[in-house]
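Okay, so we've got the same protein chain twice, two forms, each given alone as structure tokens, structure 1 and structure 2.
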Structure 1
């Protein structure tokens, strides 16, 4: 347990370095600091839903790595729908709270950052979940044990990268 946690902590330093590199921007725009835990947390939640559902289907024998599979399609659509709902709310909320905390970003800026980075992250969640469920099945591991930690950790790191890539374009 401990070596795994230690290894993951070292990996997480990648997202930490990105945050550290953007320290001045983050301190100047509190709305961005609000987005950090929300984006990472939501991506993790979406990933665990998608992975858990796909692994169940794998156990039931209805999973297939094929875009025309009705279950993969329904879950993809649901995840993208959930992401659109949540990141819309997040954009408005992060802007409003940011205003109170003394931020100067416009509603349009915060909203664009939240929606664009959120939807990009959601697409990544879908692709990673499908691939990791399929991959862990092929390698002989139970996807119930392996996929959620893998996908949530990758999303933690890429979430911060995507957020700041989008933020640096918008601001």
Structure 2
């Protein structure tokens, strides 16, 4: 577990450095500044839900790494549906708060950035969750102990990168 914790600590430092690289953009567009913590936090929560559900299925003996597995498909649809609902509300709220803070982005721009980056992050959450639960089990680790920290840390970095990639296209 120590190598895993050390690796995740390094990953968190990289995440902070990535965020610092986009400091000027965040200060220029307050709506993006609001979206960053909410997006990566929501992705982490979705990842925790997905990992916990898959890990429970694994312990019950019903988990199979197969796209035709109805339980995996149901969990995937639930995560994507929840993500669509949350990122829609987050986009509107970030725009409204950004307007109060003097933001210049339109509702359509903030909404598009929130939805596209959020849904891309949700797809990443599903893929990472399935692979981390399966990989952890195959390596002999209890997925309850390893998957949530791994997936949430990876989502922190990729969430920032995806958000700014989408923002650079939209703005």
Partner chain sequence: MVHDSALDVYRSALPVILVSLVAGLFAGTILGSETMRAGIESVPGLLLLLPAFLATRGGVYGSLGARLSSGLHQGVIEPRFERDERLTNAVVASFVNGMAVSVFIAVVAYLVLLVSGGEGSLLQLVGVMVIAGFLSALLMLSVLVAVVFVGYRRGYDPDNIVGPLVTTLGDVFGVFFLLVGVVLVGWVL
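Positions refer to the first chain, counted from 1. For clarity, a rigid core is taken as the largest C-alpha set superposing within 1.5 Å between two forms. In this text, all values refer to a predicted model and were calculated from it rather than measured experimentally.
Visitor: Just to confirm, one of these is the form predicted together with its partner chain and one is not; which one is it?
Guide: The chain shown first - structure 1 - is the form that fits the description.
Visitor: Could you tell me whether the Cα atom of residue 16 shifts by at least 2 Å between structure 1 and structure 2 after core superposition?
Guide: It does, since the residue 16 C-alpha is displaced 2 Å or more between structure 1 and structure 2 after the core fit.
Visitor: With the core fitted, just quote the Cα shift at residue 6 between structure 1 and structure 2, in angstrom to one decimal.
Guide: The alpha-carbon displacement, core-superposed, is 6.1 Å.
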